[in-house]
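Coming up is one lone chain in structure tokens, specifically the form predicted alone.
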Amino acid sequence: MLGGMLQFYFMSIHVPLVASLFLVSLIVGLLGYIIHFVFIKNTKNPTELSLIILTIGLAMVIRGTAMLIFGKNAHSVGQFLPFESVTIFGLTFSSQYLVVLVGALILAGLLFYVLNLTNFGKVMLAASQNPLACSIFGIDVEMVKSVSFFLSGFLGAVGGSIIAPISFAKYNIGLIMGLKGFSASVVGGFGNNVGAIVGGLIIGISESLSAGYISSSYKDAVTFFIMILVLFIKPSGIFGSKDVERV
């Protein structure tokens, strides 16, 4: 949501596209870092439930602040490419869909590279699985958490910015986008970048087909129906795997 709203603001004051994308991503990434440094890090006796409640409350505050600043109306954001439509195999669609697809592939590739092929990425994965052991080996787990919150805000802002020309920018757009992103991760398999992309494609194509052949009123219901169906058939997701622990 913040990515789309800030993208609208910077483009409305004629900031160049590349500069606005960088500024938006940096601002929201820093906000993620501040949320961890001020709220998450200083929570006494944190539990999963208390942190979920805390972050839901923070999301409501941010959403309300955005409503007060930008208003309740949806704001139009201009397309990133100079041409409005693209035709591939006889199918014509908005050029912004191409930006979203390429952007998702680039971000997923970069995330895979960082997490799997760099030492810091491996440290992040280790800290998420066993923070106590990492602390014993001298790793600053709190610093790793702060960086992960920054990256989450950064990536979320990029996603919100590139999808804003399609979905428009509105103060409450983040809720439905978050639910659909969660559904895509469930369908594809948590912790798997390829699975998340495939899950998103499955949900997106299913939504489009249901809107075209049935009614656009049911497209959101189709998303959650697919998620529930996958949970029944394979709870770990299409590309997910069972966790194996050495006893």
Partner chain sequence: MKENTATYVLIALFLLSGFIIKNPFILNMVSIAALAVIVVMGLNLLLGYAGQVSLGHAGFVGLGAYISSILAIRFNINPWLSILIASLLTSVFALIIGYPTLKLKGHYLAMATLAIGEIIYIFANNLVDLTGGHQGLTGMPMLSVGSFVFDSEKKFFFFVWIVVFFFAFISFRIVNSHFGRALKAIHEKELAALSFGVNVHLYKVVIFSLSAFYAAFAGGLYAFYLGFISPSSFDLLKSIDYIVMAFVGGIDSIFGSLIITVVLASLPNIMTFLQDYWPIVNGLLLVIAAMFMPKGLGGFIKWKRAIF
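Residue numbers count along the first chain shown, from 1. In this text the structure is predicted, and so the values were computed from the model without any measurement.
What follows is about the form predicted together with the partner chain, which we do not show.
When the partner chain is considered in the predicted complex, P16 lies well away from it, no heavy atom lying within 4.5 Å. Looking at S206, you'd find every heavy atom of it more than 4.5 angstroms from the partner chain in the predicted complex. Shown alone here, F70 lies farther than 4.5 Å from the partner chain in the predicted complex, counting heavy atoms only. Although the partner is absent here, L231 lies within 4.5 Å of the partner chain in the predicted complex, judged by heavy atoms.
For the options L54, A211, V194, I27, the one in contact with the partner chain in the predicted complex, meaning a heavy atom within 4.5 Å, is L54.
Annotated contact segment (heavy atom within 4.5 Å of the partner chain in the predicted complex): 171 to 179, selected among 79 to 87, 141 to 149, 171 to 179, 109 to 117.
Taking the partner chain as it sits in the predicted complex, the stretch 39 to 68 comes within 4.5 angstroms of it through a non-hydrogen atom at F39, N42, T43, K44, E48, L49, S50, I52, I53, L54, I56, G57, L58, M60, V61, R63, G64, T65, M67, L68.
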